[in-house]
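One chain follows as structure tokens, the form predicted alone.
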């Protein structure tokens, strides 16, 4: 049965995001979406006349969800270490959800082959994520929770790069490899081993 029109747009975005993580942007078509949803291609074109627009919508929704997640934790007064571990939980969720890749990582890998409007959206998402991480790292350093040399912006770039690489490696090497990278990042930040564990309750996306 086809989803009601009021729900079709969200279902299209959900399916497109999942296909993006599983195959890459250029490896799926509207036909793949229509087959999974049981709708006609015309229903997809009604909401998204072209694939570039669909890609931008997927990225912008992901970014809105990210900002909502950050805002909720800021309102709760979440401490920098908990914020960092909440951020770690995002790629961990992708691993546990069928070994999916990070949407941003996929799009950055395909950056030279995606339309210009999507490139702009990817740049914004990347800047926003690293901006959040830089702020959390700097707050943690000022509170003597984190210790690191250099700027918070440089450290954020290093952390993001390590996580993206670890997520790819772990698809072959398993979850243990990913957790090893996380623990090493924490050691490099001067975080002592604690009984706290990264919780799936800190996940980014809540649909």
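Numbering follows the first chain given and starts at 1. A quick note: this is a predicted structure, and the numbers were derived from the prediction, not measured.
There is another form of the same protein, the form predicted in complex with a further copy of the same chain; it is not shown, and what comes next is about it.
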Among 109, 89, 95, 82, just one has a heavy atom within 4.5 Å of a further copy of the same chain in the predicted complex, namely 109
Pick from 139, 63, 36, 180: which has a non-hydrogen atom within 4.5 Å of a further copy of the same chain in the predicted complex? 180
Contact segment among 64 to 72, 51 to 59, 22 to 30, 37 to 45, judged by heavy atoms lying within 4.5 Å of a further copy of the same chain in the predicted complex: 22 to 30
4.5 Å heavy atom contact, residue 17 and a further copy of the same chain in the predicted complex: no
Against a further copy of the same chain in the predicted complex, would residue 162 count as a contact residue? Criterion: heavy atoms within 4.5 Å. yes
Is it the case that residue 131, even though its partner is missing from this view, gets within 4.5 Å of a further copy of the same chain in the predicted complex, heavy atoms only? no
Applying a 4.5 Å heavy atom distance criterion, does residue 123 contact a further copy of the same chain in the predicted complex? yes
What residues, if any, in 171 to 188 have a non-hydrogen atom within 4.5 angstroms of a further copy of the same chain in the predicted complex? 171, 172, 173, 177, 180, 181, 183, 184, 185, 187, 188
